[in-house]
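The chain that follows stands alone, in the form predicted alone, written as structure tokens.
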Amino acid sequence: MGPLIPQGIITGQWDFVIALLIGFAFGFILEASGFSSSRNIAGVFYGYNFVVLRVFFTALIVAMVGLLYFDYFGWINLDLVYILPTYIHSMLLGGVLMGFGFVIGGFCPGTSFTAIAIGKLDGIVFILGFFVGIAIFSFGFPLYEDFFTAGDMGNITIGEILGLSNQIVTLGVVLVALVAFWGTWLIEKRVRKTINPFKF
């Protein structure tokens, strides 16, 4: 659990405890941000609520800027951070399916568990479908393994693809986020004027 354990500030025995505390904090923030409501999440696609986009962009910026500072002060080595391999074909299809799941169910896997934690029935139904999907994927994997691994780009980052430094990429993401915050605020103002308040 960098940088505390690698720097010798605490021992590796705290790994599970820290992970548990981060999990509780993550769930609390999701619930406090309104992510246990499928209406709030689906609102992104209908233009009346962009809280999901803002929270995710904020988390992304904090993580990116934080990692840069940690690397600058020598608290963490970015070269040792594991990067998931990129399989472009299956990831594009997965992104489309994830988007449909967001629109239809109003949850992603993480937010559905948040809904379950406060006893929401729609979250329970969504999680049942989630586990059915895992089973289908796991048992049927040999049938589409070739497609899954097609377009293998290796453990690559956006900066490496574009030939830019981590600092420039982070600055770009911050600027995109600021534009998104402003743009979605304008969209919300316009859409909410046409919404019947008794429907929500």
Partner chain sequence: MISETNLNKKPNYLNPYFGGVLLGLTLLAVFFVAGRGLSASGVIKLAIVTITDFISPAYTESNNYMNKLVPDDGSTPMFSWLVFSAIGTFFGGLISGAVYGRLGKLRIEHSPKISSKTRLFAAGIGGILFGIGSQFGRGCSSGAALSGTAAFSFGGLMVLMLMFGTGYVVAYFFRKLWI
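Here the structure is a predicted model, which is why all the values come from computation and not from measurement. Residue numbers count along the first chain shown, from 1.
Beyond what is shown, the protein has a form predicted together with its partner chain; the following relates to that form.
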Heavy atom of residue 66 within 4.5 Å of its partner chain in the predicted bound form: yes
Does any heavy atom of residue 174 come within 4.5 Å of a heavy atom of its partner chain in the predicted bound form? no
Does the 4.5 Å heavy atom contact test between residue 163 and its partner chain in the predicted bound form come out positive? no
Is the gap between residue 19 and its partner chain in the predicted bound form 4.5 Å or less for some heavy atom pair? yes
Across 37-59, which residues bring a heavy atom to within 4.5 Å of its partner chain in the predicted bound form? 37, 38, 39, 40, 42, 44, 45, 46, 48, 50, 51, 52, 54, 55, 56, 58, 59
